[in-house]
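Presented below, as structure tokens, is a lone chain in the form predicted on its own.
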Amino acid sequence: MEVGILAYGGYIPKSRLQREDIFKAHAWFNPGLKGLARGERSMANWDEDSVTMAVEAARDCLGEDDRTNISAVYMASTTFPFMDRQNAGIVADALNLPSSLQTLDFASSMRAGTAALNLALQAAGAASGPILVTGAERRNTKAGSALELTTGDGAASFLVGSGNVIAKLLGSHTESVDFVDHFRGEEAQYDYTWEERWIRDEGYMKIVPKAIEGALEKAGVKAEDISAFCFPVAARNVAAGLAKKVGISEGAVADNLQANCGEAGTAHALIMLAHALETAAPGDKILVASFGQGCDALILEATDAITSLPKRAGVGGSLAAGRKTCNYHRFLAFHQGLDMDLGIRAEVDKNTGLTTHYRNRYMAQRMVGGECSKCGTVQFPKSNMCVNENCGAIGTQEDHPFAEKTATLNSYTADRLTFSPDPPAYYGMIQFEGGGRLMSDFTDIFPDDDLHVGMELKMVFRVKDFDHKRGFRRYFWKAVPVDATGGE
């Protein structure tokens, strides 16, 4: 059977920070940033990281498909929240996947995303089931740097396997070259970058064409037959120059999403690929390449099946759901660019007992509640006793997932006494479709949002709180208005 991409998904955080406002803060020191002060960049919320964004992209990719046959989860990022804890494992847990699967993290390079996708395409033929590939990035950039304006946050996911594929791999090629255009050492918080012209002339223009030409040769495809060329670099003239050098038509150069997202690191090649697939027609040939200590180049061809793929939000849906923000200091606070006085209430010790964390992981990370096998009542959290006052059966609870359920708002509070990194703290009682209630935190709430009783909500996987003293973070599920997610 043919091996290729079965489905795709994308996620871009809701907030869009206006680059003009970043520039205004730094114009006194570096007026040269004015040339980059156009458009907007995506901005992760305080409770979003590469794991939570990967989960949202994967949910968009998988939709309502059966998840029990997934054989592996590959996750790529250079901004993993955990250096010694498998991040792909957290993603698999949040997706409520079975434990009998392979989980792998890909890191340390801007082409980790394409490396993960390429490996999945090679391994899928022998795998026991589809492989979920996800790339996500939450870029940390130094205040006043060009990267602060040109980068963004986001994620994309692909389900790779055999069968009714929407895009098949025609060929791929990798050039591995220890060309150091930027780096981030063990103790560093931010990337250190080298001179742009040297990177363009010695890196992009000499290494990338070799990888593209290798992929074209292996695929048996002519450069002029490429329909979409996805190459993640902030300056569009670089991709256009590469296209001209290898013979790809100018019109095939894909939108680098610099106007409304920014370059999302190792995830960006995957984001551009997912965006290209949203409008691809059967027979279209898509070339995706990424640069980082060499270059990966993959050529895929859309099949007839792409026309029958169920509708999803995708990258385009996430971009359309963006909300404008001009508060640069809020961005700095969320990205650890400011050492703020958060007040005494923020000093509460958030130590997590790992035994309790493990014992409750199905409840906390998978959002699995209970269903009474005697009366059918569902409840969250799961307990030994059925909450139905007319039942009250003991020991009848069976696992019942809540993460994909919609809910309605019963009541809410906007609280400025409780500490929140983004005050006020919104929380309230929600009622799940089919039964079950929860006092839930809300997230992605903007000042002009109209919260009202009865409004439809969905659940999203987010950081619950940080234990900065020990470097740990806890995850849980929060409620967001459905019409604010771009996914409905």
Partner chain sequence: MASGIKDKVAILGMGCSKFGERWNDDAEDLIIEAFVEAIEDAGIDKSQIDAAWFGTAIEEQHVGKSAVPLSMALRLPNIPVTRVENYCASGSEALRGAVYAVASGAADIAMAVGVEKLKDTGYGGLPQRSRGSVNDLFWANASAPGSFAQLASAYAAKHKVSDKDLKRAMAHVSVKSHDNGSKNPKAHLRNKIDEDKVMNAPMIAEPLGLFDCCGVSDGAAVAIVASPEIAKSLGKKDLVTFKAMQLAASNGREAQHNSWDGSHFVTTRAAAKRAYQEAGITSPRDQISMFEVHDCFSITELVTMEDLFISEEGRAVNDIMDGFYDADGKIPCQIDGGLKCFGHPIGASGIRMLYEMYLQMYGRAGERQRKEDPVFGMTHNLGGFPHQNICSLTIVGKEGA
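Between two forms, the rigid core is defined as the largest C-alpha subset superposing within 1.5 Å. This one's a predicted model, so the numbers in the text were calculated from it and none came from an experiment. Residue numbers count along the first chain shown, from 1.
Here the subject shifts to the form predicted in complex with the partner chain, a form of this protein not shown in this document.
Trainee: Just to confirm, Cys372 within 4.5 Å of the partner chain in the predicted bound form by heavy atoms?
Mentor: Flag for Cys372 set to no.
Trainee: Against the partner chain in the predicted bound form, would Arg470 count as a contact residue? Criterion: heavy atoms within 4.5 Å.
Mentor: No - in the predicted bound form, heavy atoms of Arg470 and the partner chain never come within 4.5 Å of each other.
Trainee: Although the partner chain is absent from this view, report whether Thr377 comes within 4.5 Å of it in the predicted bound form, heavy atoms only.
Mentor: Because a heavy atom of Thr377 falls inside 4.5 Å of the partner chain in the predicted bound form, the answer is yes.
Trainee: Please check if Asn388 has a heavy atom lying within 4.5 Å of any heavy atom of the partner chain in the predicted bound form.
Mentor: Asn388: contacts the partner chain in the predicted bound form.
Trainee: Please pick out the stretch from 63 to 71, 26 to 34, 50 to 58, 426 to 434 that is in contact with the partner chain in the predicted bound form, where contact means heavy atoms within 4.5 Å.
Mentor: Comparing against the partner chain in the predicted bound form, the contact stretch is 426 to 434.
Trainee: Within 4.5 Å of the partner chain in the predicted bound form, heavy atoms considered, which of Thr279, Thr307, Asn360, Ser176?
Mentor: Flagged contact: Asn360.
Trainee: Between Asn410, Asn237, Gln122, Ser128, only one gets a heavy atom within 4.5 angstroms of the partner chain in the predicted bound form; which residue is that?
Mentor: When the partner chain is considered in the predicted bound form, the option within 4.5 Å is Asn410.
Trainee: The partner chain in the predicted bound form: within 4.5 Å of a heavy atom of each of Ala364, Val453 and Arg474?
Mentor: Result yes, every residue of the spot touches the partner chain.
Trainee: Under the 4.5 Å heavy atom criterion, name the residues of 436 to 461 that approach the partner chain in the predicted bound form, in sequence order.
Mentor: Those in contact are Gly436, Arg437, Leu438, Met439, Ser440, Asp441, Val453.
Trainee: When you overlay the rigid core, is the Cα of Pro447 off by 2 Å or more between the shown form and the other one?
Mentor: Yes; that C-alpha moves by at least 2 Å between the shown form and the other one.
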